[in-house]
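Next up: just one chain, as structure tokens, the form predicted on its own.
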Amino acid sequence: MDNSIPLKKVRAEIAKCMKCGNCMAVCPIYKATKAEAGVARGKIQLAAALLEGRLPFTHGVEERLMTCLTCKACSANCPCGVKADEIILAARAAVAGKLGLPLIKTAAFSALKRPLLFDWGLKLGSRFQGIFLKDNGQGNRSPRFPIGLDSKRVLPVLAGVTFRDAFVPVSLANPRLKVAFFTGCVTNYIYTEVGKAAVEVLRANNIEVIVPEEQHCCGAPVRIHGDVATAEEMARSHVDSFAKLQVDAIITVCGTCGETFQHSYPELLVNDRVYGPKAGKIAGITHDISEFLVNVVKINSAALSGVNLKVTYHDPCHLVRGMGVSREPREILRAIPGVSLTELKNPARCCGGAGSFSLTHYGLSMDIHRHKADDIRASGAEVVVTGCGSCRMQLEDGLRQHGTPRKVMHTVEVLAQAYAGQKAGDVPA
């Protein structure tokens, strides 16, 4: 088997790189490490060397390729339009094809592509999390024993009842629109209140919501780590589940999930004559909830009650650069009476979380997060609003580690308060 096939697909992208170094100005990894191998330019040269056979496939190369947040800042700011993130993902896939995946990743991805097993594992974890994690008295937990995590790390609590298990469908007599809600893993198993808020807001706008039972992980972690075959399998599963639905839109509350539906599925299945067109169909009706509410529903600010909060907004990488959603969350926040929005100096700078990156490179992720924490502190905001559950976990942890604890909320949670007429100095605990 030719393990360089993924790299051959991005040969033209590799050739476009002029080695100018503009990516150095925006790469969070490079800013933290000052290492050439940390920046996109360096990784592209590693990819080129692998493609041309000048460099062997080694675990050292693998580690350098994995030291990337896939935040897309390099691609968004490249004067030559090089899609550096696609090159890095292709190189990871090539290395995984040659060296195989580490045992722990193989086990994790095997569970992810088996929804019943994954669901059972998370629910079991919810029941017994108190054995391994201690309550820190602030609504989160920290490791009780050395279990491969920093003892000071702040972790969210797994919900006792998942969002999808708790969801009760409601048929509206004459709905304005009908949508399918893709919850994603974090909303389903951890921040269930985000799912509840999303449904409340959609129903308040006379939109009927269904939550397909067959849904599971979107597959982004699998693809990002180089297991393309499993990512394709998971993509086909969701294409089967969502393409058959008679809905006007598919709604997501996570930039990574939304980008996966909008872009990754069509890319993964582009050569599949059956699934490619279906993937394109669901991509065309997938919306982040804030973009959907502002551009499609066009919510009426006159229907909103006051929510007295001083907030700032963090742009998740895959939402702002993957889905192109930045204006809409801010429009929602500014439309809510009583909400005062103060912009960060650099709101789209990566928080350092990047899903599992903060698990495998915790110290580096906290070094990167320091800039975000300083920015949030300078804003004077009492609440940080964002549109991604993974970012929320990183923000909750990082802000505490850097002495800047703040409440973190999803945009739709603030909006749900306004629809519910909740007044407040009421920052929920």
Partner chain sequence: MLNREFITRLEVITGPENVTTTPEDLLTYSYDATADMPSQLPDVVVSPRSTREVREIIKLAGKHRIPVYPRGSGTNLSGGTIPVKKGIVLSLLRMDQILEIDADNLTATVQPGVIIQDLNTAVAPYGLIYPPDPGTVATATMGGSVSECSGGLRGLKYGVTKHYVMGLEVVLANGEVVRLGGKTVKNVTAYDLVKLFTGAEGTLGIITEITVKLIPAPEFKKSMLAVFKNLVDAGNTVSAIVKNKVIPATLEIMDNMTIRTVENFVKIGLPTDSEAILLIEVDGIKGVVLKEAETVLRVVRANNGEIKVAETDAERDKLWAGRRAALPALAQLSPTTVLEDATVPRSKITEMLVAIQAIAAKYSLRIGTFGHAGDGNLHPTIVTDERNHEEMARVHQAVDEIFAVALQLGGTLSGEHGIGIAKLKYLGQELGETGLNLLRRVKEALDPDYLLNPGKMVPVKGE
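Residue numbers count along the first chain shown, from 1. These numbers were taken from a predicted model, which means no experiment stands behind them.
Although it is not shown, the form predicted together with the partner chain is what the next lines describe.
Q: Check Tyr30 for me: does it contact the partner chain in the model of the complex (non-hydrogen atoms, 4.5 angstroms)?
A: Answer yes; at least one heavy atom of Tyr30 falls within 4.5 Å of the partner chain in the model of the complex.
Q: Even though the partner isn't displayed, in the model of the complex is Pro405 close enough to the partner chain, meaning a heavy atom within 4.5 Å?
A: No, Pro405 is distant from the partner.
Q: Even though the partner isn't displayed, in the model of the complex is Val414 close enough to the partner chain, meaning a heavy atom within 4.5 Å?
A: Output for Val414 is no: heavy atoms all beyond 4.5 Å of the partner chain.
Q: Can you work out whether Ala420 and the partner chain are in contact in the model of the complex, taking contact to mean some heavy atom pair no more than 4.5 Å apart?
A: Looking in the model of the complex, residue contacts with the partner chain do not include Ala420, since no heavy atom lies within 4.5 Å.
Q: Even though the partner chain is not shown here, does it sit in the model of the complex so that Lys34, Gly42 and Gly60 each have a heavy atom within 4.5 Å?
A: Every residue of the candidate spot has a heavy atom within 4.5 Å of the partner chain in the model of the complex.
Q: Determine which one of 373-381, 389-397, 66-74, 43-51 lies within 4.5 Å of the partner chain in the model of the complex, judging by heavy atom distances; exactly one does.
A: Stretch 43-51 is the one.
Q: Can you pick the one in Cys80, Leu99, Val296, Val157 that has a heavy atom within 4.5 Å of the partner chain in the model of the complex?
A: It is Cys80 that has a heavy atom within 4.5 Å of the partner.
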